[in-house]
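Given next are two forms of a protein chain, the same chain in both, each as structure tokens and marked structure 1 or structure 2.
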Structure 1
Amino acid sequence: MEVRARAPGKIILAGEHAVVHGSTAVAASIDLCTYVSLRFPIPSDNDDSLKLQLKDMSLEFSWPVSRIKEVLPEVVSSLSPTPTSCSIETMKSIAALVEEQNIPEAKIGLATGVSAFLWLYTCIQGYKPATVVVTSELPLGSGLGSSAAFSVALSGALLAFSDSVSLDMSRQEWSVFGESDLELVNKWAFEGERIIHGKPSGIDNTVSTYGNMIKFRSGSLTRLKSNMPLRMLITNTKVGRNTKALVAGVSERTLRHPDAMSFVFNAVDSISKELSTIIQSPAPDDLSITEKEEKIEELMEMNQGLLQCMGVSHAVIETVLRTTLKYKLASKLTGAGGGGCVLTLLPTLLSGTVVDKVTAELESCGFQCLIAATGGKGVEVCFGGSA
């Protein structure tokens, strides 16, 4: 028996950085996903190992189940349906298992993801041999929530073959979890994110688990119901960024200019609130959709200007902004800034010719262009691997 799970990436529509200082942020799922398949061997396979295949990286990791049991004897002895945090001592033991795999130096950043995999797998499935295959439509480390989508899809696949959730295994199409099961997936995924990032906000895994959109402020998450998907051109500048350094830079600027930055954060808060209101309001016809898109474009431009005030833009981001502005399209960075990805709203009535032209121009600069719709489904599973 095989199960496949898929979980979407995410974008921040408004409020990044300011959310750290008490403002509201709005995040949305996108229809670019990470896929995880889980297959247990049959007796004739004579296979007693746990394998993790990262297809996009052309990497495979393999551990004899006996080795995992030897290094992590306490994990399965405390198997519980309640999501559990990984202790510092266990983290050291898991790190030893990962080091044995000799990850290439150029891809050493994957080590925390492999560690999260080992923790989630052993906590939910114990010492069973299996093969887990991961593929993704999301570029890594670009601010689109690739690690959260991995943690959510992995948690979904592992829980699908557990007694903790109730799913119809006879169905061979994509199925959604029930509300209480989604909460369990989200909590396990958050534990994976903690291993990967240390102190995640919980935004990414929540959007990936539940889909659609959320509003976030001061640790409180509110799920939003969008009545209109937004079509976005996502430009990956391929410039890496140091999120911690960028967040620290905004905080330092706030210390130097507390009054001015207070106005900036308040303005961002207003933008996020207005955006969430627009998103949830009904749009019965093309005219009202166009009016809503025009308002969203203006809010995106204002938010980008405020992000520039915070000092988190970058030369490559400005290049994308200038390029899309030539085609009268509104753009803003998404996530930490300092590189990463830029969002450009593609209005419903925009011609395909314009999209092709702006995409070609951006790609000629060496950028990667993706087109995605917001506000779709969250994590889903499929038994039999046929969907």
Structure 2
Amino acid sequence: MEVRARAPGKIILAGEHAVVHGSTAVAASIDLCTYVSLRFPIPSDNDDSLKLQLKDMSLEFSWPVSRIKEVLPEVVSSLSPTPTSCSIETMKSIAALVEEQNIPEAKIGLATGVSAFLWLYTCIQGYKPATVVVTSELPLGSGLGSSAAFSVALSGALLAFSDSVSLDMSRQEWSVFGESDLELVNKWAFEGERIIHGKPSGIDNTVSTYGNMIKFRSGSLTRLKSNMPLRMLITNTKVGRNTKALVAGVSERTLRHPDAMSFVFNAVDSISKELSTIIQSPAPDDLSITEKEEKIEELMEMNQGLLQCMGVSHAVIETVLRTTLKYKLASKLTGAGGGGCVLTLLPTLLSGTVVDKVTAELESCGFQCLIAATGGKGVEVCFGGSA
């Protein structure tokens, strides 16, 4: 028995960090995914372990299920079909299980992802032996929502083989969950994000679950229908960072300067709302595509300035901004910042030559550029077969 799930990464067009503090944000899925396959052994395999293979990193972790039962006895006895948060005590027990695996120091950032895996697995599948294989097209820890895509794909695969959702297991092609099942996948993925992020707003797992473009505020989403092409150059600075630490840094700054930061968050809220209005406004209205793009560019620059106020920009991000500005292109960081990826709007009338030139200049600085398709599908599953 095997099921595979895939979930997309995302870009945040406006509102990262401020969304954690109640502001509106706008995000779109991208066509780079994380894939999770789940397979239960057959009795003749004589396999009583839970295995997690992180293929891209050539890492494999394995726990005898008896060991998981011994360390986490309370998880299954209190199994509930509704997503639950991991308590501090259980987190400590999970950390012990992860520590036993001796993750190489250079890859220690994966420990939170492995912890999220153990929590979601035992909550949804109990102490069953299984092999879970993960691969990803997303750079990890770069602002493109790798943690959310991992949590969503994992929740999707685990729930596909649970009684909580209704799926046609005979369909051997990529299929979508029903509306209420999607909600369940999203809620479990949020619990995974909590373990990886500390204090997520929920925007990343929501856009990965539902796909397309969304407006998000205080846990609730509005699906957006874009009425204009939106081509974004994504520049990966390759400077590593950690969303949990950056989110905590903004919270600390907010505690130190509550009044000033509340104005910053309000300004971001207005920017996100204005951006979503422009994106959705009917195609042939009073504003031409070029006028809309100019407004979006200005909003991106304003948002970037406010992200700087929050303390989440970085020297390397400023280098990308300066480089793209030479070509009169507007940019902003995307995701948690502190390094990671930068978005640059490529206006419809921009010539291919300019795109090639700016890309070449960015790549000569050691950055990696890509143009991802935005607003595609959310989480999908596929039973058996080889779709």
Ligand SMILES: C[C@@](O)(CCO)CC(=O)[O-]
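Here, a residue number simply tells you its place in the sequence of structure 1, counted from 1. Each form is matched to the other, and the largest set of C-alpha atoms that superpose within 1.5 Å is called the rigid core. Since we're looking at a predicted model, the values are computed, not measured.
K.L.:
Which of the two structures shown, 1 or 2, corresponds to the form predicted alone?
P.N.:
Number 1 is right.
K.L.:
Would you say residue 378 moves its Cα by 2 Å or more between structure 1 and structure 2, aligning on the core?
P.N.:
Result for residue 378: no, shift under 2 Å.
K.L.:
After the core is matched up, is the C-alpha of residue 62 off by 2 Å or more between structure 1 and structure 2?
P.N.:
No, residue 62 moves less than 2 Å.
K.L.:
Hey, does residue 100 budge by 2 Å or more at the Cα between structure 1 and structure 2 once the core is superposed?
P.N.:
It does not reach a 2 Å shift.
K.L.:
Core-aligned, what's the Cα displacement of residue 348 between structure 1 and structure 2 in Å?
P.N.:
Here residue 348 registers a C-alpha shift of 6.7 Å.
K.L.:
Mind pulling the C-alpha shift for residue 262 between structure 1 and structure 2, with the rigid core superposed, in Å?
P.N.:
Core-aligned C-alpha shift comes out at 8.8 Å.
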